[in-house]
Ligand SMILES: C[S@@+](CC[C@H](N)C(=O)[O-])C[C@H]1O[C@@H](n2cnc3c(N)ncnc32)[C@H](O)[C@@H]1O
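Just one chain is shown here, as structure tokens, and it is the form predicted on its own.
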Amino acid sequence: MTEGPRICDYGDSTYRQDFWEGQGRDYEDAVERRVLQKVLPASGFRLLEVGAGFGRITNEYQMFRQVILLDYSLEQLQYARAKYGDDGFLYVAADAYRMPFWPGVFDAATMIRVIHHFENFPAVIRQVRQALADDSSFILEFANKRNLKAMLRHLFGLNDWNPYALEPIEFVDLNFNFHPEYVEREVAKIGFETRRVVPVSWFRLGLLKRALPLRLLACLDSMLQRSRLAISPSIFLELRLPGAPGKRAVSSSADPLDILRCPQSGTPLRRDGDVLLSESGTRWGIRDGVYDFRRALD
């Protein structure tokens, strides 16, 4: 049996507390929110947030009637559900390489601080593309391999890898940096058009973050986001699927079973209590309001 790609599972980790809350990353959070406010559609019906985690930026999607939070970590999604509730939100624990959605049920998707955990980048993007309807928006953020710091380190012989080479670099286990040209090339192969490239987090230095007010740093970052120099640590892409408006396959139903399908067989599901049954006989659980497609039930 051939093994699939490795999966990064935050599980019941303290990522939220150890990396975000009170950890000096208010600047990164602020500038990423500013970008989303610029590039997201003004309105929409259903958005898929891939790698939603504990829902750090989920409240930026208020222009959508329904938001589906997908992550491999059940525990992170349970925290997000306790924060946002079920009105307009759906929580799905699943492998992003095998998303449990019918084709064309979303008119927007985002992946923020996520793609660096996937060793098969194109495979995940193909899953997103399948879930999106025509004329849909996809906001993708990635860690930039060709950033200014890496370029300077390469100049002085301090890197053991080349920031100008197109192939991704795995600098820590299941943590990849990507060259902007590589990412744009791969998403184009899958069918996405790049509408905008936004370089972000220009001032991601502890000294600067401690010395300058957050509001000033965020304003300066916003100015540099208009630059054509994609040499910042983080890059946002505003992507679009071609297609005629008004011909979307997005269902207006709020019933989860009109959105979800069995990730193994691709067949419809029916609910029996806290169990989802597929036509092929596979059983999936619902745990604390989270639809769990990570492993089938015995």
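This is a predicted model, so every value here is computed, not measured. Start at 1 and count along the sequence shown; that's the residue number.
The same protein also has a form predicted in complex with this ligand, omitted here; what follows describes it.
Among the residues 47, 70, 269, 239, the one placing a heavy atom within 4.5 Å of this ligand in the model of the complex is 70. Contact with this ligand in the model of the complex, defined as a heavy atom within 4.5 Å, holds for exactly one of 118, 178, 192, 91, namely 118. Contact with this ligand, judged by heavy atoms within 4.5 Å in the model of the complex, is confined among 182-190, 151-159, 217-225, 108-116 to 108-116.
For a residue to qualify, one of its non-hydrogen atoms must sit within 4.5 Å of this ligand in the model of the complex; all three of 8, 52 and 95 qualify. In the model of the complex, this ligand lies farther than 4.5 Å from every heavy atom of residue 34. Within 4.5 angstroms of this ligand in the model of the complex, the stretch 9-32 places a non-hydrogen atom from each of 10, 15, 20, taken in sequence order.
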